[in-house]
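The form predicted on its own is given below as one chain in C-alpha cells.
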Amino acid sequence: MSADNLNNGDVIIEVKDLHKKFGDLHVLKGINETIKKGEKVSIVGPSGSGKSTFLRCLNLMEEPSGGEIYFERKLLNDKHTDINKHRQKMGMVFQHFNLFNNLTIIDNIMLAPVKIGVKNLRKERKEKVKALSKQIKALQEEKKTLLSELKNLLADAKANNTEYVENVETSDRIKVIDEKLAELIADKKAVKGNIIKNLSGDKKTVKAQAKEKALQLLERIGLSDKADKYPSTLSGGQKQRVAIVRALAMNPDVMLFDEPTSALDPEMVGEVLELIKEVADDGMTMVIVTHEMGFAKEVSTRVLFMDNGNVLEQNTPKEFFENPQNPRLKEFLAKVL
C-alpha cells in the first residue's frame, strides 16, 4: 500500500531510487518512498537488511551512491545542501546515547542550540552589513553620476561663455544622498561593532533561552533534578531519554530513531518507548527502525518491511501484522511474534 493511500498530509520526505554501496557491498537497492507530515513510519526487518543505512542516508550521515532524497521539497544530496542545517531539522537518535561525558546533562542538551544560536547571530549581522554596504555603494554611484552632471553643466557654461546656473534639484538630491550615506555608514559601523563588542551579551541571551528550554524538557522526562549531573550518573534508559530531548531541543521537523532501545536492559525499554509515544502524540513526523513489534503496532501509522536492501512490503499496522502478503515477511513475523 502506498503512502498516498494512508495519509493525506503534505509530503515531507521523498526518496527516489536510493542506492547505497560500501565497496562491492550493495546495501540499498533502489528504495522509493514517500513520507508525509505527521506520519509515524516504523521500519522492521532482519539484521543487515539496510534499515539503519536508510536512516543514515536520510540524515546525510551516509552519502547515497545513487538516487535522490527530497526533504520539504528540496533536493538534499547535492553540493548546495547545508548538512548542519538539515540535521537540525531532521533529528536523529541512535542505538547508543552519544552524550558528552565531560558535560553536565543540561549542557549536553544546550550545546547545539547555543552554538547554532550564536552562529545565526553572526550570520544575521554579516548579512545586514552586506545589505548596508550594497545600499551605500548604490548611493555613492548615484552621487558620482549627479556630480558628473553638475561638472558637465559648469564646463558647458565656461565653453559657451555663459553664466553658470546652479541645478537646484540636482544639488538638493546630492544633499539628501549625503545625509542618507552618513546614516547608513553609521548603521554599518554600529552593526559591525555589535558583531564584536556585543556578541558576548547576545550569547548570554541565547544561552539563557536554551537553558530555559532544556530545563522544560528535563522536567518533561522527570529528570530536572539531574540537570547538573554527568551522564555517568544516569541509567541507560535515562541517558536515552536525555538523548531524545536533546534532539527535540533543536525543534526538528522530523525525528529519526535508529533502534533506540536495542542497547537497553529490558526493564529500561518501557520508559524510553513511553517518551517516544509522547513525542508521536505531539504530532511529530517520525521514522523508527525498531525490533519492538508491539511498539510498532501501537504507535505507527505505517510499517515497512525491509530485507536485502529493498522494501518488500508496507501497510497499516493492522494489515501488516494480521494479513502479511510477502512470503519473506510471513517468515520473519513467524520468528519474531
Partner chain sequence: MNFFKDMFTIFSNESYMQIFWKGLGTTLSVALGASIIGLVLGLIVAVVKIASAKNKKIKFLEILCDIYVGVIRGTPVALQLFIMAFVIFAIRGFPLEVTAIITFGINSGAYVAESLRAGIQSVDYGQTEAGRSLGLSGMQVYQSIVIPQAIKNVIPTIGNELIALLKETSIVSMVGLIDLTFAAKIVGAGDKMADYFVPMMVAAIFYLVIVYALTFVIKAIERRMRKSERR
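Given the structure is predicted, the values throughout are model-derived calculations rather than measurements. Residue numbers count along the first chain shown, from 1.
The following text describes the form predicted in complex with the partner chain, which does not appear among the structures shown.
**Q** Looking at 215-223, 178-186, 89-97, 137-145, which one sits within 4.5 Å of the partner chain in the model of the complex if you count heavy atoms only?
**A** Single hit among the candidates: 89-97.
**Q** So, a 4.5 angstroms cut-off on heavy atom distances: do all three of Ser65, Asn77 and Thr316 pass it with respect to the partner chain in the model of the complex?
**A** Verified in the model of the complex; spot residues all out of contact, no.
**Q** Quick one: does Ile105 come within 4.5 Å of the partner chain in the model of the complex, counting heavy atoms only?
**A** No, Ile105 sits far enough from the partner chain in the model of the complex that none of its heavy atoms falls within 4.5 Å.
**Q** State yes or no: in the model of the complex, is some non-hydrogen atom of Gln209 no more than 4.5 angstroms from a non-hydrogen atom of the partner chain?
**A** Looking in the model of the complex, residue contacts with the partner chain do not include Gln209, since no heavy atom lies within 4.5 Å.
**Q** Report whether the minimum heavy atom distance between Arg241 and the partner chain in the model of the complex is within 4.5 Å.
**A** Close contact is absent here: in the model of the complex, Arg241 is far from the partner chain, nothing within 4.5 Å, heavy atoms only.
**Q** Does any part of Arg56 reach within 4.5 Å of the partner chain in the model of the complex? Heavy atoms only, please.
**A** Taking the distances in the model of the complex, the answer for Arg56 is yes, it comes within 4.5 Å of the partner chain.
**Q** With the partner chain left out of view, choose which of Ile116, Leu150, Ala131, Ala190 has a non-hydrogen atom within 4.5 angstroms of it in the model of the complex.
**A** It is Ile116.
**Q** Just to confirm, with a 4.5 Å cut-off on non-hydrogen atoms, which of Ile174, Leu264, Leu121, Ala112 contacts the partner chain in the model of the complex?
**A** Contact check passes for Ala112.
**Q** Taking the partner chain in the model of the complex, which residues of 242-280 have any heavy atom within 4.5 Å of it?
**A** Those in contact are Arg246, Ala247, Met250.
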